[in-house]
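Just the one chain here, the form predicted on its own, laid out as structure tokens.
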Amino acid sequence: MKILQNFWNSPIGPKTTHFWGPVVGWGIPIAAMVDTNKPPELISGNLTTVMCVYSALFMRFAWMVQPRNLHLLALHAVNESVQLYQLSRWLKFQGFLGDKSLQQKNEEAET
């Protein structure tokens, strides 16, 4: 019971935004994980790039803020990973990454 009381009254406990912000924020990486099943032509390269920068900046914020918020850090680390994966899928689809001969084969097949 003492552990729960300590958590409840801690500076990053459920009575603070340090707790509820990351809890609600998990919706972003969960949605991105669900989107990995969708075709890459539906991915917005601009938005995914912005999400990568956003999560990188907020990982640093979560580490530097006092009290240190490891829940927020974990949230943005997962989001960064998923967004980078989505960005790589988009870049491959656009032909920026991968085998150039594969892209040429696709262009030849279209003509």
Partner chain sequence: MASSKLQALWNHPAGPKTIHFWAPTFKWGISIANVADFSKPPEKLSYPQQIAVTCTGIVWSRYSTVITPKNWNLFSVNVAMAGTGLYQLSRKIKQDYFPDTEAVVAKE
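Remember, it's a predicted structure, so these values are computed and weren't measured experimentally. Residue numbers count along the first chain shown, from 1.
The same protein has a further form, the form predicted together with its partner chain, not shown here; the description that follows concerns it.
**Q** Might Y54 be said to contact its partner chain in the model of the complex, defining contact as any heavy atom within 4.5 Å?
**A** Judged by the heavy-atom cut-off of 4.5 Å, Y54 is in contact with its partner chain in the model of the complex.
**Q** So in the model of the complex, does any heavy atom of V78 sit within 4.5 Å of its partner chain?
**A** Because no heavy atom of V78 falls inside 4.5 Å of its partner chain in the model of the complex, the answer is no.
**Q** Tell me, yes or no, whether V65 is in contact with its partner chain in the model of the complex, where a contact means a heavy atom of each within 4.5 Å.
**A** Residue-level check for V65: yes, a contact with its partner chain.
**Q** So, in the model of the complex, is F96 in contact with its partner chain at a 4.5 angstroms heavy atom limit?
**A** F96: no contact with its partner chain in the model of the complex.
**Q** If you look in the model of the complex, which residues in 1-29 sit within 4.5 Å of its partner chain (heavy atoms)?
**A** The stretch 1-29, when checked against its partner chain in the model of the complex, contributes T17, H18, W20, G21, P22, V24, G25, G27, I28 at the 4.5 Å heavy-atom cut-off.
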